[in-house]
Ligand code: BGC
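To begin, one chain is listed below as structure tokens, in the form predicted alone.
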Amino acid sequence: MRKGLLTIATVGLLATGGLAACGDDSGGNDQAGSGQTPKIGVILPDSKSSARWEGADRKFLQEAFEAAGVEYDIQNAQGDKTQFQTIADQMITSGVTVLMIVNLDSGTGKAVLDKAKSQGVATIDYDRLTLGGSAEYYVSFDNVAVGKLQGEGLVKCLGEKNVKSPAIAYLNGSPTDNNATLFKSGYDSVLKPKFDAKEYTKAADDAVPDWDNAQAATIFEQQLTKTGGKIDGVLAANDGLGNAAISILKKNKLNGRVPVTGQDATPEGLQNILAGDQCMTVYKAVKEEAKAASDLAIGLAKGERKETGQTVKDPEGGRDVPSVLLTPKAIYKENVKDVIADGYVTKDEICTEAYAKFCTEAGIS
């Protein structure tokens, strides 16, 4: 996996929605706000790696743009780098004044951002920083903190099961996604000291290309085979990878006995937690992320630049990128109801007939 970690320089605290407007003195694009009709283009990465992109991000961004009365175009590249670039070209040709992307990898993302910049189109990195890129803003969560919550969650669940000298398997995210590097940095900060002290052993450590859940199941089955079934905990980087591991654990009648982590608080992940097959997930309030990004995009579309109060160092480009980094939250069985209360998922999505008794046990009514 890539070793370039982001350095977060906190210049001030940012309250969501409290972005302060300032003069356009940063150079860059002149197209937005120059009399053209404001139009915002958004490229989402896929619908396979996580349910969030179509189930949450699209909805919240669309609501924000419609409330502001700006024209917008949201498309999904479905994991295809060629399609990603084609969509970007079409959006630029159609006259978008702001382009927001969730890159599939930094190389493709950089090419798209640089082309947009050359055409005077303002750009925003959404959720994933494009290393070496030229985006004017970066909006995401504190991804090292996400990984730290995962590491702490696995330690907590292993402790509750009183597992001695546990063997841990890593199912890391895509090696081309800088966020996956940051997540790993976070959980390594918790687990590496335990490996070094011989309290835990690392049984396996594999990245899953493109966050592909089918590949994750194959990789985890190979991990389980190579260790002779001796895996006591799984650090899975998101709920999709976690569910892939759980499917193999079920096949081997190990589900519920081996703690598995996750991320994204997907309906499937939350159901796995309620059923006892998944240890925890990390909830990222996508509504807040979408609001912060849409506020910046709408401002750029109207020719306004806003201070974020934070910057992130791009380790490849060397730039301090104006950023918004939001705070993630660990979710266990006892607080699954918090995700429902926040409106991210509904009770009906989670408490289907097969999970009704688990919902009752967790106080979800």
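Please read all numbers here as calculations on a predicted model, not as lab measurements. Residue numbers run from 1 along the displayed sequence.
Another form, the form predicted together with ligand BGC, is not on view; read the next lines as being about it.
Undergrad: Pick from 283, 220, 84, 211: which has a non-hydrogen atom within 4.5 Å of ligand BGC in the predicted bound form?
TA: So the residue touching ligand BGC in the predicted bound form, by this definition, is 211.
Undergrad: May I ask whether 52, 127 and 238 all come within 4.5 angstroms of ligand BGC in the predicted bound form, judged by heavy atoms?
TA: Every listed residue reaches ligand BGC in the predicted bound form, so yes.
Undergrad: Using a 4.5 Å heavy atom cut-off, which stretch among 154-162, 256-264, 194-202, 89-97 contacts ligand BGC in the predicted bound form?
TA: Going by heavy atoms within 4.5 Å, the stretch is 256-264.
Undergrad: Residue-level question: is residue 183 within 4.5 Å of ligand BGC in the predicted bound form, judged on heavy atoms?
TA: Residue 183 belongs to the contact set for ligand BGC.
Undergrad: Verify the contact flag for residue 179: yes if a non-hydrogen atom of it lies within 4.5 Å of a non-hydrogen atom of ligand BGC in the predicted bound form, no if not.
TA: Yes, residue 179 is a contact residue.
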